[in-house]
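We begin with a single chain expressed as structure tokens, specifically the form predicted on its own.
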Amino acid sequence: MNQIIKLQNIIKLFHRKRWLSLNEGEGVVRAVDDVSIAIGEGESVGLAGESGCGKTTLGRLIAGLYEPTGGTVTINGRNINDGSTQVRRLLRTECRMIFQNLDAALNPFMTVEQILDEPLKIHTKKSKSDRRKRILEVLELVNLPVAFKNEYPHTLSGGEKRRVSVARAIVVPPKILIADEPVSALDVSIRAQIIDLFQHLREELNLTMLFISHDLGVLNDVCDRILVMYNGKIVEDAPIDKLRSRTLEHPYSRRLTESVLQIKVE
């Protein structure tokens, strides 16, 4: 299988100012600590762990939103942190991230049509009529009525906002989709619909997907493989069957599994 994402010895440090501290290292947070992983083309991988373990930071590093403190992030054989503008531009087209905070991610002053039109204007040379046609196609793909193109984010439900967020991510078809807590704060029935949507899009667009979630039930439904993250490190890399059979090996992975009442076995 072709490795579309490859991380080698990735470290990400954040510095917090401590005005009264005499210890220089005291204000340093090691969010990602020497992580090396590979994700194959067309694979759907889950990244699990508790809040603050470094999951979102790792997703942002892959998407090129953060620069690593050390190590290399390679997408399709290209080092995305080599300083090349061309590589950065290609990455923005090939890799998209769906953010957890929908209210912050969707511009409240833009209609759904304007939100979806923006990446088309930036990343393609489509005419206005072709862009409108593509917007209608994508709305249909994420199961939103055409009339929603005139709505503003504040008029939409949580599930509808999530669908708009997904539509924006795929309006210029990417190769890689990173979803950060994609069904958090949604009702159970809406959550099931969004999970079905991701499964459909994966098949329809042949996407490589990284799902970031603390909810093992979600990862069980949509992933082929699970990565467990603890304190900035990947402590387990296992096929999803090990989650379903509750045979993950690392003690922290087992504690995560025990926190789930029931995991569906297919």
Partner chain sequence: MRKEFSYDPNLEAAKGFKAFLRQPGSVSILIGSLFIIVFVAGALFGQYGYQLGLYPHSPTDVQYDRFDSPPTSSVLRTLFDRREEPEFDFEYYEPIEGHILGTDNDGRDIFIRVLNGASTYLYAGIVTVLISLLIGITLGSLTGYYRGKASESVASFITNVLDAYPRIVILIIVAFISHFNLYAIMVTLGILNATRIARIISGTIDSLKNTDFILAAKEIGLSDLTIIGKHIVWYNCRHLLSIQIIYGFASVILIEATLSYIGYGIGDPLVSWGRMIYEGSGGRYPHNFVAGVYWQAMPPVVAIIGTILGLNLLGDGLSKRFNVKQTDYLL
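Between two forms, the rigid core is the largest collection of C-alphas that superpose within 1.5 Å. Residue numbers count along the first chain shown, from 1. Computed from a prediction, not measured in an experiment: that's the story for all the values here.
The discussion below concerns the form predicted in complex with its partner chain, not included here.
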- If you check in the model of the complex, do G70, N76 and V87 all have a non-hydrogen atom within 4.5 Å of its partner chain? no
- Query: With the partner left out of view, is L65 within 4.5 angstroms of its partner chain in the model of the complex by any non-hydrogen atom?
  - Reply: yes
- Message: Contact with its partner chain in the model of the complex for A105, defined as at least one heavy atom pair within 4.5 Å: yes or no?
- Response: yes
- Message: Please determine whether T124 contacts its partner chain in the model of the complex, using a 4.5 Å cut-off between heavy atoms.
- Response: no
- Would E151 show up as a contact with its partner chain in the model of the complex if we use heavy atoms at 4.5 Å? yes
- Note which of A192, A185, M110, L136 lies within 4.5 Å of its partner chain in the model of the complex, where distance is taken over heavy atoms; exactly one does. M110
- Exactly one listed stretch (126-134, 160-168, 192-200, 76-84) reaches within 4.5 angstroms of its partner chain in the model of the complex by non-hydrogen atoms, and it is 160-168
- Of 78-108, which residues get within 4.5 Å of its partner chain in the model of the complex if you count heavy atoms? R92, C95, R96, M97, F99, Q100, N101, A104, A105, L106, N107, P108
- Message: My question is whether L144 is one of the residues whose C-alpha shifts by 2 Å or more between the shown form and the other one, given a fit on the rigid core.
- Response: yes
